[in-house]
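Here's a solo chain for you in structure tokens, the form predicted on its own.
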């Protein structure tokens, strides 16, 4: 490195604890004892103690206070445990997806899903399906609702999941749950501070950060705001829920997203829900397949796992 050149940050893998340490911390939080956590995970107590100490050194904070009565998380430990739980859950979903992608299995299932369902619901369903059918290889195509319909009709997918106002032409299906769209904006936007709801006409005339045409979210908005002159020209038009959400969090402008997608941001006050008056922003989430008999085999099993309990 040349003199004066800024040093590069160390790789993320050097700064974030490994999964084994996170699983151990979660077990300590659940069981209240480092010894019981070590036994549950099949490691010795000295090894478990060393793993926690290594994690504390890596993060620079104390996570667990030990006493003859057991082990108790510190305030920092509670926060790190919550973050660890999300990472372990994501790793479980990753593992299910990776196993689904592996070659030569006895059976397969090709799934196409619209973006909100693919990002926020399918990972959990796939984890459950792998537990029930460990020999099933699952492939996933993610796109907007129109793309899902095309994949089913051209035979490149066996089962699809869409969001929107109606059943796509040429498909059969069933409503698996209902979803609500919410208007959200960054805390600094004037809508975040207003005392009265935003009216339907004002919403329709306001440039919004939106998904592209063909998405289920856009279909619902188009239908709901048609009596008020339809949607204004979008402020931004983006092809994924994650991109729309990031733009809204940055303060670019208001957006309309599924409540499934914005729960974490609303809870952390990175986004503020805006009350809207005079317009219904609910939609059905559907499992769909080509006209004819309902899916059998792994498709039927996955369909059974999607029903809201």
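What you see is a predicted model; the values in this text were computed from it and never measured. Numbering follows the first chain given and starts at 1.
Just so you know, the form predicted together with the DNA exists too; it's not on screen, but the next bit is about it.
May I ask whether 44, 49 and 69 each come within 4.5 Å of the DNA in the model of the complex, counting any non-hydrogen atom?
Checking in the model of the complex: 44, 49 and 69 are all within 4.5 Å of the DNA.
With the partner left out here, check for me: in the model of the complex, does some heavy atom of residue 53 sit within 4.5 Å of the DNA?
Contact with the DNA, yes.
Considering non-hydrogen atoms and a 4.5 Å limit, does the DNA approach residue 273 in the model of the complex?
Residue-level check for residue 273: no, no contact with the DNA.
Any of the heavy atoms of residue 34 lying within 4.5 Å of the DNA in the model of the complex?
Residue 34: yes, in contact with the DNA in the model of the complex.
When the DNA is placed as it is in the model of the complex, which of 70 to 78, 127 to 135, 170 to 178, 186 to 194 ends up with heavy atoms within 4.5 Å of it?
Single hit among the candidates: 70 to 78.
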